[in-house]
Structure formats: structure tokens, C-alpha cells
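First structure 1, then structure 2: two forms of the same chain, each alone, as C-alpha cells.
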Structure 1
């Protein structure tokens, strides 16, 4: 037998679309955890990013469990962006689970069960096992189909290495795998003897001149050495929650795809924890603690906070990152007020990272990055107006106008968004301030308007209703209301 080799098995494929934070590739830190001004899609927030980099380093070492971090700051200051940057910096090897505080109220299970599942989804287990495989280059493959079109297919394959060549009879299941993977002569493949899974490693270098069987994405590999049959160490990466589901359902592995996993008994989790710890002692598994990110954490109630207090004391707890934009407010489920709407005893366990509002220069840089992400070419004057809109309204609103302005630009068969396109979408789509002003002005025309006279007086005194004007640089001006 050849030497035991180690291969990694990951069956999860991520499909990415352009989203609110799809431009973020990491935290934008250098080797000594200093934040660059603009890097990996991140702009500004240097102190917050440096602090997040220290947390990432702590997670990578995996020695400390149950730490809690709070990202606190005003709306549109990049709290979720920093969390996404942490996920990107940790990579696919580290589990990262993201949820909103309000999600737990819409699930068909108890609030504490929803939090338990989220915590266990954030802890990975790397299970090692040895398996026998056949690895070689396909010399010839023959598959005979029944003349009637139905019945069992019969096949033979000839595999070779640099030292030997052998013929194998193929069963119906492996024939289906061969046809699915489009295996042909000259391909280097592996066959798992236990499961029958066929994996195409690439095309042999000896067939590099077969231009009809190669394409732009073709990967060339060397013909395997040694014997055809080998033992390899395979590493399966799963989460504790996936192990919970498999062991708590009669459907077993298929329960992962049924969607509704229901509540899992604590006895099952305790048994799995003991088994995983036993595997770790024997060297069969490694525990890989990840990150649970809870956005809008102020939406959790006192029961959830009490549960988290206890759960964070466990050795199997991940690092929990929370985000909130609330100041001193009421703790949900009580009549008590507290900073960020979080009980004081839980705040004592946290290290708090503050985010600060972006400067106008940073806002402009963020909008420029978003334009590149959405393949939108924008004139510098239009970008200046959009930056002014963002500082006078909100960054989120200005980002929404990029896509709409680009569509208006394409309707007039142009390739570059100009100032007129931005003005047009600004007049078509209201921001929160202008919409609120219209509601106050025409409240009697709407159904079920519940604003009372006292609130009207307060709104009139504090609302202001002042107008600002955006100078476009060519003598025109666009009115903006607050």
C-alpha cells in the first residue's frame, strides 16, 4: 500500500449575488493588524476594524470559548459590514452563522431552541477517517447498454498508474457516476470503494495534445504513481447542528434536506457532545469553534438574554458577535431601561466595539466601490451629487440610487450615469425625511392616522422642515427637504 495521504472533502458550494455587502472581501488589515484607509471593500472605521482583527485572531486560535463582542453605533456606520468582513477574513474553514434578533419570533420552535441551533451551527467538527480508494488514469472505458433500452448497464474500465494497469468491472451505480462526471479515456479519477463515489481529478498530461477533449477550464495532472488501490485520510467538515439533526431523526442524513428540523432533545445534544469530546481525545476529530453573528440584538427579550448568559459559559460555545444601533432603551420583556437594550449582567461579559459616522470623503469612496461592484460607470459630478445626497439623507438611500440611476442611464442608450440621471431618480424615489414630511402634511387623507395633537405640536416644533439645496456645479440646484 502507498503512504496514507490526506484529502479534504467539502460539499458546500456558495452562490454569490450582488448584495448590500457583496463588495467586502475582508477587514482590510495588514500583517500587524493595522487598518488600511481603503482595502478589501472596507473604508474608514479604522479603530473598529483593528478591534475586529484582534477578535478574528482570537477565533483562529480557537482556545477561548464563549466570548461576546458587541458592535454598537448609529445606523449606517458599517456594523454589518464589519461582521461580513470578519466572516471573509476567517474563510470557509471557520463556521460563520448570521441571524437577526427578530428571527426567533417567527420560527415554529421555542426561542431558546432557535438560539441553541444557531450556536451549534457555529461550531465545526473536522472528522478524520481512513478509506480505500482506487486512483488511476483511464486507459479505456466500455459501457454496454441493453438493446431494449431498459435493464442493467454493463461496463468495464481499464485504469493505470506509472507502475501497473488493471481492468475493473463496473456496477450500475458506478456507471451512472461515470456518465454524470463525463469520464473518458485520459481522465485521472478516484473511486471510493466504500461509497462508489467517482471524482475526476483532471486530465492526464500525456493527453495534452487531444485538443478535441480539452477546454479552457481543463486541469492537467500527472499520472498517479504506485499501486492503484490506496488508503487515504479523508476529512469531513460538519457542524454540531448537522450531527444533532442526523442523530435525532428517523430519516437520518435526509433530515438535513427536509427544512423543518424541529426541536432537538437536550439528551441527544449531551450524548453528541460527549462523543465529539471522545473523538477529540482519540485524535479522530478536531473542534473548530466559529462565530455566531446576531444583528439587531436589541430585539431579543429577557428570556433570550438569560439563556445566552448561561450558554456562553459552555466549553462548546462559539464566539458571539452582536450588533445594535439602539441607545439607552427598554429591555424587551421588562420595564427596565439599559444601554443598547441589553441587561447589565450580559453587558459585563462583552467587549464593545464602537462604530462612528463616515466622513464625506469616506462616503464618496464607499459609493465609488459600490459603483464598481454594480458595473456602473458614473461621471465625477454625478458621484459628487450622490455623495451630498448620502450625507444629507442616508448612505443606504444613496446606494439604492446607484442601481436605479444606472437603469435610467441605459434607457437613454448611454454608458455613463450623469447628473441628470441622479436628479431624476432622486425626484422619483423619496427618502425617509421627505416621506415623513408628506405624511405629516397629508395625514388626514390617509386611513387610520393615529398621530395626536400633542405629537403634531412636537413635530412642528422639532421637525424644522428646512430645505437644503445641492449644487450641481453647473448653476442648477436640487432642493432637499429635512
Structure 2
């Protein structure tokens, strides 16, 4: 029982959630790499998008290794959006690793190890391998659990093609796969014999009438022909990092205690590089270099930058795209100041794409797209007000107001968000500007503010603070209702 419950929970998380950039489906470029005004979820930022399009082209050709591109611009000008757009434009075949500059600081791994793992995750290797697969329609499946609840499960499945039928015994691991994929009689599946990967191709046509209601995404396929077991040449796409992990794993008893993410020896990496190059020469493998995207790159410190300098020179390096919203600032780990917080020698190896603030029209367009993404119907007037809010405060704040205004609107059982809803949430939630203004005004009433200024009347403030804070809340509400 516990088993099935767990599976249910896992399934809920599979429902698609709406993220900050989930509306982006590409870079919105036409065939000659000209940026369309509004396309694929991207708005404005034409020059930057065109530049990104050129970079995408460069990655697709796959000849250039170790180039570095910096996306620089003010906060919320679409740097991450452009990176997401690039990932979408490249498609699922090209590895695109996205990380944040602060991700490399871990107690378990050195910074450079984390960086080289990220670099190697961004290089795909397509390997052609002949494997034995079983492809057939499930006639019957039975999985028996022991009465005690724990212990070995016993599984049997009968598969058939148009020509034959065979019984298979299932191992423990593959039973888990069967349950995860919710495989039942009538499904057409493939099993990779070596890896034990189970893949559901769809439901058999002969079972199409079994249920009146089927899910929208149910696919119907023909029952396979011929033999159940086939030798097929499959193309695996694995990243260099995955090959590293498989080959560096401590075998046997120790494997229990060492995770996948331990440090990988340089010798292992060198060996694998040689092997991959050998395969490429023999035509067995194809190297598919991808993109490593490092957001908030100013969070890297001087060691990482000098490591990157060297790592980018390797001919196995991917194209690295970085994004930062800093101007001239201190390089982390030093006292030197440098543009974007990146040392000049690394900056010299980069090409820099600048993003510019959005115009009012573009902001409106973005808000409209976000409304659609969140299934929110908004009155044109409300949208105008929201656009105004976005230009006065920030785009992110305005986007957050869409969600909240939509909730408020549903509270009063309306379908369309109107100006009143937007005003209401505007008064309910502060933006950064108003919040900091209030902080400045009432600085003295907040905790610990007295330490610097009035050290003698600590006791007095401790008593009166709470009372006055309530007053503050009332004051806010009044101020906003104007």
C-alpha cells in the first residue's frame, strides 16, 4: 500500500508548474536571424536576441570550442530569458547546463571540481551502440509481493507481437520501473535488456475500445511485428560527466557510501577524453558540444575565473554563456575593482551582449504574455495600470501582481481582472521602493536600530516599539488608499 501512495505523490509533482520563464519557447528569430517584435514569448531586446541567435548558430555548427559570451544588463532586462530562449532554440539534443554562480560553493566539493563537472555536463557524446531490446504488447502482468510487505517481489509478464508470445520473469529493479510507468495489459512497451530501461510506447489499437474515457495524451500504436527480441542500433546521448561518473565509481561495498558527486580524478577524465576522441575517429561516436550558462557570474571568485581562463582553452570546452547585472565592482576574493566583477583578462576573451531596459510598450507586451501563461484574463485598463506600475517600480513586481490580482478577482467570483483588483493588491503588497521608504521613515522603531544611535534608552524603546509598529501598519494603509 505504502508503495502505491508514494507513487501517487511523485505523480503530482509531474504536473507542469509555471515558472518565471516558462512562457519562453525560443529566441523568436526568423530564418535570417532577424528578431521578430513579439514571438515565442520573447519581446523587444532585438539586438541582444539577434546576437544570441548568432551564438546559437555557432553552437549548432559545433566547431568552435571554448567561446565565452557575457550577457550584461540591468536587473530584469531579460538576461536569463535570453539564456532560456537559447536553450529552447537549441532543442533537447544539445546539452544545455544552467547553473548559478553561487552553486559552486559547496563543502563537499572544491570550486574548480564543481566548475569542471559543469563544463563536462555541457558536452554531449552521441554513441551508437547495438543493444538487445524486447518490444511487445503486454498481454498479462502479475506482480506478487510477499505477505510480510518487505522482501523480494516476484513478477511475470507475458508479451506478444503479431507473430509470437513469450513469458518473462522480472527482476526486482525492473518491477519498480513497471510500477513507475504504470504499465498494464494492453500497453506496448520496450525493455532495454542491458540497462533494464522500460519505455511505454503507447496503447495497442486492439485495446482502444477498453475504456470510454482515455487521457488526452494516450497514444495508440500498432502491435509490433516479428520477433519480440530485436537487436537495434540505438543512439545514446550521454554527457562527458556521465561517462566520468560511471567510470570513476568505486565498485562493490564502497559504492554504498560514495555518492555520484565525489571528486573525479583527472586521470579518469584524461582517459575518457582519449577514448572519446578514439571513438570519434572510428566513427562510433559524435561529439555534440553544448552550452554552459552561468547566471550571476559575479558570484564566482578570482580562483574560478583563472580556472575558467585555462579550462576554456581546452578543445573539449563548451560554449560558455554568462550573465551578470553588476557594473564596475569588486572581483570576489580580491580588492580589485573590474567591470562586471570579472577580471580583465577573462573579459578580453569574451564577447559581450548588452541588454537594455524595456520600453513601456514592450513591458505591456510581456505582461500580456504572462497573463496568458497564468490563465488570467485581464481588462485592458487594468493592464495599462499594471504597465504603469511596472515602469514605476519593476517588471518582476508587476508580474507578481498578476498572480495575486487574479486570486483577488476569483475571490469576488469574477472572471476578468479589473482595475480595482490591481489597486487592491497594489495596496496589499509593497514593492521594494515603498518598503525601503517606510524603513527609512520608521527606522527607529525596528529592532536593533537603537544600537548605533541611542544607546541609553534601550529599555524605553523596547516597550514602545511594538505599539508604535501597529500604528505604522495603519499609517501605510491610509497612505495607499489615496
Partner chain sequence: MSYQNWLDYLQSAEKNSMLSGKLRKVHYKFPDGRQMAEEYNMDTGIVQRRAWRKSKQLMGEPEWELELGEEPRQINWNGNNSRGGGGDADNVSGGEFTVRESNSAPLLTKRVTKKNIEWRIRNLPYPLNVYNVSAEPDLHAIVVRTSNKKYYKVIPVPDLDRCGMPPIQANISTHHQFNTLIITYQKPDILCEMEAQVLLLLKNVETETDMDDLLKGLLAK
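All of these numbers come straight from a predicted model, not from anything done at the bench. Take the two forms, find the largest set of C-alpha atoms that superpose within 1.5 Å, and that set is the rigid core. Residue numbers count along the first chain shown, from 1.
Q: Choose between structure 1 and structure 2: indicate the form predicted together with its partner chain.
A: The form predicted together with its partner chain is the one given as structure 2; the other form is structure 1.
Q: Could you tell me which of 234, 171, 381, 197 sits at the hinge, given that one rigid part rotates relative to another between structures 1 and 2?
A: Only one option sits at the hinge, namely 234.
Q: Measure from C-alpha superpositions the angle of the smaller rigid part's turn against the larger one between structures 1 and 2 and state it in degrees.
A: Rotation of the smaller rigid body relative to the larger: 21 degrees.
Q: Once the rigid core is matched, what's the CA displacement of residue 157 between structures 1 and 2 in angstrom?
A: Taking the core as reference, the C-alpha of residue 157 is shifted 10.6 Å.
Q: For residue 130, give the CA shift between structures 1 and 2 in Å, the superposition being done on the rigid core.
A: Its C-alpha position differs by 2.5 Å.
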